[in-house]
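This document starts with one chain, in the form predicted on its own, laid out as structure tokens.
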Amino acid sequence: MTVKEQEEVVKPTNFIHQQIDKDLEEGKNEGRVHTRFPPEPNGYLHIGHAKSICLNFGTAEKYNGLYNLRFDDTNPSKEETEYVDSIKEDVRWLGFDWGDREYFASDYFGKLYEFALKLIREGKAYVDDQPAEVISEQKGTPTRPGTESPFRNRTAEENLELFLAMKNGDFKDGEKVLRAKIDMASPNMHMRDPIIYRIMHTPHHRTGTEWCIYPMYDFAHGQSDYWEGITHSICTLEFEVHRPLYDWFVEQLKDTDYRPRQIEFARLNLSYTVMSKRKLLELVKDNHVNGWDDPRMPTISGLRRRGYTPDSIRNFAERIGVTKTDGMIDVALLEHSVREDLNKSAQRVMGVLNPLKVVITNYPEGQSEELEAVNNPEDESMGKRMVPFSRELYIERDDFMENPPRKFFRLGVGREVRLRYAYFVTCNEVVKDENGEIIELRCTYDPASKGGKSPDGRKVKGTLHWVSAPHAVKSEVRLYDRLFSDENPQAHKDVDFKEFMNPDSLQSLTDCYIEPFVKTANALDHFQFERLGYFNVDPDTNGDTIVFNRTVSLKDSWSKAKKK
């Protein structure tokens, strides 16, 4: 499916805003709109999180409301400060500033503990001594009710004493848990006496060893929303079945008419990639990629390093809309978004990735000149630059054929082409090495065709990019492609998703030449290499050689390859 076809199918809709409009019309929450983005700091954010960030924060902006950044740090065994820092960097890069509204679930550990005590005193929570696998078995199935725990009817006094002992570290990991006492026959499995506290003798990245019991996500999430005054708790569709439990906990806690409202939407599924944090972590830890910010990864840091812009991602999120139905979005739509953005904003330069030397035999030796080139034809305000021209040039090897077919409109022996912004040149001779490989072309130029303009009205079909050999900046260029060759690599139940990794997802070219304009480029600066694609400066560039990452080609060649 082409991008145009997909855009006709995927119409931006936002049922969430429709529900918020209704809440405002009914005067709920005193007309407030307050959202939050609650990531767990156990990995780097990916493009799916970017959709959620744009939705949560963008919704608050639309209604002149507030938004919070809150870290769900309730599982110290998987969470690190590194992930906290990376998440904040990614959210800021996307263009959102949460001001002083930065929170952590760990900020509420004391209040959550007090709330748990309240539930115990009211007979709505109890300590269970059974191991996790027994508790899981007793929960039954969606069609068969659960079995009550033999510890369900402990007295409030006994439960308080045991829970205090859990908090004081008197028991080992997994030896006891605290469960909410709700309904073991509920058709919703999440309402069958869910675990709300477990024992973990693991230091926390913020609280250290202060706690050895930690609340479960379902217990911490809704209460955090309530204490922060969140009006609309927007989350992905898998939490829809958790909503009755969310509401039940808030109902036990609340002492006013205010309550946050949970609304679910379909998560982003993107073709030719995986969106599971667990699978992405596996790729990183097993060195299938070069870290979380590998430009082939769907992480925000990887997309940033590859050359994606905040606007391109936000426009992509807007373009795909918000729905209640799971579906697969073609990655070509994301690539289209960045092409669209960079086409308007990227500096044009000429670069040669697979160089073939050209000698202009009738151009004076030792002489060079400056020729005027347009920086971006889409934006005249970007002005023009001067490009050096000399006797020795580089062109792309693919732009020459010794015995070209009739419809090959580039350079061949006896053929004339236009060098972009420069002159008409004609190839007269081919120089080969002892192995018969072409190493040099000898050409002549027409001095009257300066600027690439025909002096006598003759037409030239081919226009080539080039660089002046003595002036060019030698660079390394990394050509990135899709990380997987299968549209949905995790859909094959009996095959490891890594079996579908694309062996050609990275190609490193170390003998590339770029015009000297890029000498002063900074990390992450964007360029369109004319006729080749969009590139940016890799932030890890060091030494004299600039490293460029290909963000995306000028056209979607992948869809064409699939059709062959």
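A residue's number is simply how far along the shown sequence it sits, counting from 1. Keep in mind that what you see is a predicted model, and the values were worked out from it rather than measured.
What comes next is about the form predicted together with the RNA, which does not appear here.
Of the residues given (E238, D456, D286, E402), E238 alone sits with a heavy atom within 4.5 Å of the RNA in the predicted bound form.
A single residue from the set R418, R154, R259, R314 has any heavy atom within 4.5 angstroms of the RNA in the predicted bound form; that residue is R418.
Considering the RNA in the predicted bound form, the lone stretch of 213-221, 438-446, 95-103, 359-367 in range is 213-221 [heavy atom distance within 4.5 Å]. At a distance threshold of 4.5 angstroms between non-hydrogen atoms, A165 is out of contact with the RNA in the predicted bound form.
For the chain shown alone, V413 is not a contact residue for the RNA in the predicted bound form, no non-hydrogen atom being within 4.5 angstroms. A residue is said to contact a partner when one of its heavy atoms sits within 4.5 Å of a partner heavy atom; S276 fails this definition for the RNA in the predicted bound form, lying far away. Residue contact with the RNA in the predicted bound form: K28 places no heavy atom within 4.5 Å of it. Heavy atoms closer than or equal to 4.5 Å to the RNA in the predicted bound form belong, across 47-65, to no residue whatsoever.
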